[in-house]
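What follows is a single chain, given as structure tokens, in the form predicted alone.
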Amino acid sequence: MSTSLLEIFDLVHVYMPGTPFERRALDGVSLRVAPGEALGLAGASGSGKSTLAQHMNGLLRPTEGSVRVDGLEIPRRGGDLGGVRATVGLLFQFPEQQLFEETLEQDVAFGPRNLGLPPAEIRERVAEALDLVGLPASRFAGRSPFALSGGERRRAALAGVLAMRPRCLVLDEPTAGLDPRGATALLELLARLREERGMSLVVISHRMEDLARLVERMVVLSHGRVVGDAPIRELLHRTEWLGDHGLEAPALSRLSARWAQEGLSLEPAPLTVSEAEMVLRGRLCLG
């Protein structure tokens, strides 16, 4: 029996096959995501990240290869994908643009209603999801999604996915367009969901600092192929290699590399501000 929640083997996806506009967006991608694992997906624009994410819950179907969710293969066409989409929740970039109901309660209830759940369970899931994202139903359920702030709308969209009670969340640039405070709050929420609910996370981001705070492993795509799959701490300190693939290493990785060239090596080399503070405190014996 497989120990992976999500398994992708030799995945190929071709857009507009057989036409002059044919484009091979994914070219033999393979990866696994374990239950409770946090995986980062990175790559330059056009590398295939979003195309790959949309295969993870059957929104796109393979041209070749296979995608399995909890051991069940997603068919090339047709089939009932309700179970797949209840297991893997997908949050698009700028998902708040998809909020459309009159009230937040109705919006969050949309997915559970489509599952055919009884009204009492739908209400329970809506209240649970809103509480999880910090928008308690007692205050927010009856409000219009369009009366919320940008950060609140992002969390409301996330609540709509969480109401499906997925075991894996796939998030495409989750902090895009948010101010630093809103981005930090969202990253902390995702880390808490993983810790408290054992969710797997697959996070697409061009912001290496965000990935460093949230995931332990990173997959790098280039021209539809996997060119790197390793612990994030290892890849983010390969600053020149990242640059070769259109990615910018976090500022602290670049600073650590410069210090190392000048004979000042910090071990472990920090990736985040909190890690840098701990290392420097140790060096200065501040306790």
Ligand SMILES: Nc1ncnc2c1ncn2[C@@H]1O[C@H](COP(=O)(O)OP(=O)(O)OP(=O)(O)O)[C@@H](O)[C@H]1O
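Whichever C-alpha set is largest while still superposing within 1.5 Å between the two forms counts as the rigid core. Residue numbers here begin at 1 and follow the sequence given. It should be emphasised that the depicted structure is a prediction, and the values quoted were computed from it without experimental measurement.
Keep in mind that the form predicted together with the named molecule is missing from the display, and what follows is about it.
- Only one segment in the set 65 to 73, 236 to 244, 28 to 36, 49 to 57 has any non-hydrogen atom within 4.5 angstroms of the named molecule in the predicted bound form, and it is 49 to 57.
- Using a 4.5 Å cutoff between non-hydrogen atoms, His206 counts as a contact of the named molecule in the predicted bound form.
- The named molecule is not shown here, but in the predicted bound form it comes within 4.5 Å of a heavy atom of Ala44.
- Remark: Thr87 does not count among the residues lining the named molecule in the predicted bound form, judged by a heavy atom distance of 4.5 Å or less.
- Residue Gln93 is the only one in 88 to 119 with at least one heavy atom within 4.5 Å of the named molecule in the predicted bound form.
- Relative to the superposed core, Gln97 undergoes a C-alpha shift of no less than 2 Å between the shown form and the other one.
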